[in-house]
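Okay, so here's just one chain, in structure tokens, the form predicted alone.
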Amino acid sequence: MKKLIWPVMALFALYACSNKNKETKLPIYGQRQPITKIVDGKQVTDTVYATIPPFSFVDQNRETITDKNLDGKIYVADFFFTSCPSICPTMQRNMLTVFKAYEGKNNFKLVSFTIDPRHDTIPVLKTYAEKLGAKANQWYFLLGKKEEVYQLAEKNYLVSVSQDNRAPGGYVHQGWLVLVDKKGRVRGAYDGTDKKQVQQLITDVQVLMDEANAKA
């Protein structure tokens, strides 16, 4: 769990700086690579940012959901398990708050990846989602192979997850709600147990929507 603390701390440090400068544009996180090319006879350098890679999982309605379902969408992702006795209930209630703020918006989704595929079968995820009040066409609860989900969490969403029989519920994971833009780039991470940060997340979703509308 400790190995991913530093990038998250850096993320919040950068975000704090952007607020001080009163910038409305959110930073882009993850690895980046400069690409040099010739345009109209002049050398131009562009920056290519890391994006969430292709994936394919199954949701609570047994529908196959891939990264293509999220192309052109702003979305919030988290990692949880239904039998979690610690932070997950609070996280998911706060995810519900985000859902309600943008319910019915076709360009906005929520994605919850289970880190306990043995217990969290499709029927379990469906029951959990229905009790929470989540709508399947806007909020996906995804089940996939454990190693694929864990790699995606740590390498791409920068969220630490692990199985630990000593921990409550048998798993340890960070409670970040990760904001991803329409191009699949990570634009922010927020403590899913902190109402103030969740409200900031709701505000920042609108920032991305405004950003996308301005470019359109």
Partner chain sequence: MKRFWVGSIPFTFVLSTLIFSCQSEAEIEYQRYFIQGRNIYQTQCKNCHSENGEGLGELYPPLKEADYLRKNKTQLACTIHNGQQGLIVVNGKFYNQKMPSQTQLSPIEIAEVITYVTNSFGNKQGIYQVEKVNVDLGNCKE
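This structure is a prediction, so every number in the text was calculated from the model and none was measured. Residue numbers count along the first chain shown, from 1.
Keep in mind that the form predicted together with its partner chain is missing from the display, and what follows is about it.
**Q** 123, 104, 85, 72: which sits within 4.5 Å of its partner chain in the model of the complex by any heavy atom?
**A** None of the others qualify; the residue that does is 85.
**Q** Could you check which residue among 131, 135, 145, 118 gets a heavy atom within 4.5 Å of its partner chain in the model of the complex?
**A** Selected residue: 131.
**Q** Report whether the minimum heavy atom distance between residue 195 and its partner chain in the model of the complex is within 4.5 Å.
**A** Answer yes; at least one heavy atom of residue 195 falls within 4.5 Å of its partner chain in the model of the complex.
**Q** So, a 4.5 angstroms cut-off on heavy atom distances: do all three of 90, 93 and 96 pass it with respect to its partner chain in the model of the complex?
**A** Yes: each residue has a heavy atom within 4.5 Å of the partner.
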